[in-house]
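The data below hold one chain only, encoded as structure tokens and taken in the form predicted alone.
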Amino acid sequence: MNKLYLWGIIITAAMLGATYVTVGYQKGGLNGDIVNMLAIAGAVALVIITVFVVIKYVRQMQVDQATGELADESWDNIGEYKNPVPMGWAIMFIGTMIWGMWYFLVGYPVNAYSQIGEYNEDVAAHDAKFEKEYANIKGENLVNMGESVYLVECVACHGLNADGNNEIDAADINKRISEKSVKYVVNHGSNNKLLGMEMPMPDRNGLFNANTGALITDAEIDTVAKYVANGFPAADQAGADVFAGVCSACHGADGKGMEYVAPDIREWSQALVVNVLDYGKIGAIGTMPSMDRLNAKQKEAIAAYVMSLKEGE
């Protein structure tokens, strides 16, 4: 007997034996259950068919010789036989296309029931109920809600103390902006929709100091970064001069921003925090994703909580 057939018989026997042993050790075995019996029958058929097909094609590779008509083209004197698509393959391919169109249009159309669709509908219904129930919550209760949402959604990056784990993982939101963040924005510009729309701030190559008539310098960037991050101290005249010459045209003389032009860089506002949650933010530490899973009231509550951190200093 050919060794190939012998190995086929051995492998088949081993696999069927393993199946029998596995089923035999199950409590109750097949237990007369038609589903179990059909599953085992399918396993047996699969083993036999698989081994048969493998033997057939291995044997074919051993003894068959290439025959047929060569194509006219050749590559490096290596010819290729004309191999028309087998009729069975062509029928299966066309049949699969027909079945696919039937499946998506009739058998299981895209608007049919799905668990994901049901989940999304349930979430939407819950959000609507939540919005209605808490529509009028204000003041301290809104801050408390914001703290609860913060502890679930934000604490992983910004930390329990809201300092971003000393600005290693995220921004310190106890203050409006840090020196590192100011330097990053001045050097790289910003287009984070902090006003809720596309209103990009240019990078340093587009920032001129009106007092000197020249592009902002590294020394001026360091000076104004300290000035802004420290809360616009009156004693820092050098920082005030750079801010007046470079930044005040957009952010205002007091740094509280201008509508449709630039955001407030003195303190947080509800609109500012909500825009960060809506669109995310790219900064010196990395990219914060948009928080799409939060509803409008939850974002408003987080804004109230963030603003309360400043008030509690």
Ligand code: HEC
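Note that residue numbering follows the sequence shown and begins at 1. Remember, it's a predicted structure, so these values are computed and weren't measured experimentally.
There is another form of the same protein, the form predicted together with heme C (HEC); it is not shown, and what comes next is about it.
Undergrad: Does residue 286 reach heme C (HEC) in the predicted complex if we count a contact as any heavy atom within 4.5 Å?
TA: Yes.
Undergrad: Could you tell me if residue 250 has a non-hydrogen atom within 4.5 Å of heme C (HEC) in the predicted complex?
TA: Result yes; residue 250 sits at the interface with heme C (HEC) in the predicted complex.
Undergrad: Within a 4.5 Å heavy atom cut-off, is residue 291 in contact with heme C (HEC) in the predicted complex?
TA: Output for residue 291 is yes: heavy atoms within 4.5 Å of heme C (HEC).
Undergrad: So in the predicted complex, is heme C (HEC) close enough to residue 47 to count as touching (4.5 Å, heavy atoms)?
TA: No, no contact at 4.5 Å.
Undergrad: Please tell me which of 182, 240, 145, 137 lies within 4.5 Å of heme C (HEC) in the predicted complex, judged by heavy atoms.
TA: Result of the distance check: 182.
Undergrad: Looking at 79, 107, 200, 117, which is the one with a non-hydrogen atom within 4.5 Å of heme C (HEC) in the predicted complex?
TA: Residue within 4.5 Å of the partner: 200.
Undergrad: Check 4, 55 and 90: does every one of them have a heavy atom within 4.5 Å of heme C (HEC) in the predicted complex?
TA: No, the candidate spot makes no contact with heme C (HEC).
Undergrad: Looking at heavy atoms inside 4.5 Å, which stretch does heme C (HEC) contact in the predicted complex, given the options 190-198, 70-78, 125-133, 92-100?
TA: Answer to the contact question: 190-198.
Undergrad: Judged by heavy atom distances of 4.5 Å or less, which residues of 219-233 approach heme C (HEC) in the predicted complex?
TA: If the 4.5 Å heavy-atom criterion is applied to heme C (HEC) in the predicted complex, 219-233 yields 224, 228.
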